[in-house]
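This document starts with one chain, in the form predicted on its own, laid out as structure tokens.
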């Protein structure tokens, strides 16, 4: 088993080195090089870049095989010695520097535009409108905010039972008994990672097409993302429970279900409640954002006024959002402190 793990480590390290080499050269060729040449039309065909990227990736992997491997450093967490360590350090700094420079180019950062007189005048007009709110819409704003809060509340309430049930098969320490159990664990964790990687705003777009624009679509989007997030938090808490109570309950001849209920759940109740309240806090904020894509609530109202450039009304909505989120944040913080 040890040799197999070592082989897996080596293969992983080589794959990382190849990926880093391909990344480094592709950034140099497709990002930095076009930014430096004066005539973009004179740039060499992309096919040269693809071929050279593959060659550079192989060279990077070869250097790693000789000992100066960033992949090995990532897998084992231990740096090489002597000259190899120096090469690793320099390669790491080169990767970081190239990433920062390419990020500056890709995001088109321009301090001159940020501090231009025209830009500052435009920002001044917007901020002056935001700090002079139009309170004629306060009734509609409060109504939309109530809808937003209930979207967050219902999504959290619906997601908690599903997350609680899924957390047990998603916990590594409970799914090591058989090949089938490990397969269920791996598939479930992979599925949850995919779901969680898609932000609630993406799910809101999907559900707004599925069930129509409105609070129901927003609530469903938050339910899906909350289940994936809470299941991860719950399962990791289960993985950290003490083994003593589990062994004691198991020694009495209890079934696996009884072991989970009487030995694991009591150790996790308080952390589960804390995670749930924290997630509710997040959902209140996210319920505002998903309104921009048809998820209902005050975000939809905010989008409408922003699209019409009615920034006085936008200022009113911002004040309402800020006050409500602040109040709910204080309440959730007090509850979490009481559970400690």
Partner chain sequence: MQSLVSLSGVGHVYPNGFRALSNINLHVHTGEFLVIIGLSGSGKSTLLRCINRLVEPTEGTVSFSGVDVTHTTGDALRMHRSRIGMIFQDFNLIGRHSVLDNVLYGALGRTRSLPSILGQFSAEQRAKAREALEIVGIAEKQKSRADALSGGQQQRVAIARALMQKPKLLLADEPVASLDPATSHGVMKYLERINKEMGTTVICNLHFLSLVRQYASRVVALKAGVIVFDGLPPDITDAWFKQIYGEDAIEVEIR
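No experiment lies behind these values; they were computed from the predicted model shown. Numbering follows the first chain given and starts at 1.
The same protein has a further form, the form predicted together with its partner chain, not shown here; the description that follows concerns it.
### Query
Ok, 214, 133, 169, 245: which has a heavy atom sitting within 4.5 Å of its partner chain in the predicted complex?
Among 214, 133, 169, 245, a heavy atom within 4.5 Å of its partner chain in the predicted complex occurs only for 245.
### Message
Within 4.5 Å, heavy atoms only, which of 123, 270, 183, 138 is in contact with its partner chain in the predicted complex?
### Response
Residue within 4.5 Å of the partner: 270.
### Message
I'd like to check something about residue 233: if you look in the predicted complex, is any of its heavy atoms closer than or equal to 4.5 Å to a heavy atom of its partner chain?
### Response
Result no; residue 233 lies far from its partner chain in the predicted complex.
### Task
Although its partner chain is absent from this view, report whether residue 111 comes within 4.5 Å of it in the predicted complex, heavy atoms only.
Answer no; every heavy atom of residue 111 is more than 4.5 Å from its partner chain in the predicted complex.
### Message
Taking its partner chain as it sits in the predicted complex, is residue 262 in contact with it (heavy atom to heavy atom, 4.5 Å or less)?
### Response
Judged by the heavy-atom cut-off of 4.5 Å, residue 262 is in contact with its partner chain in the predicted complex.
### Message
Even though the partner isn't displayed, in the predicted complex is residue 254 close enough to its partner chain, meaning a heavy atom within 4.5 Å?
### Response
The answer is yes: residue 254 has a heavy atom within 4.5 Å of its partner chain.
#### Entry: Listed range touching its partner chain, judged in the predicted complex by heavy atoms within 4.5 Å, from 115-123, 245-253, 175-183, 88-96
Contact criterion met by 245-253 only.
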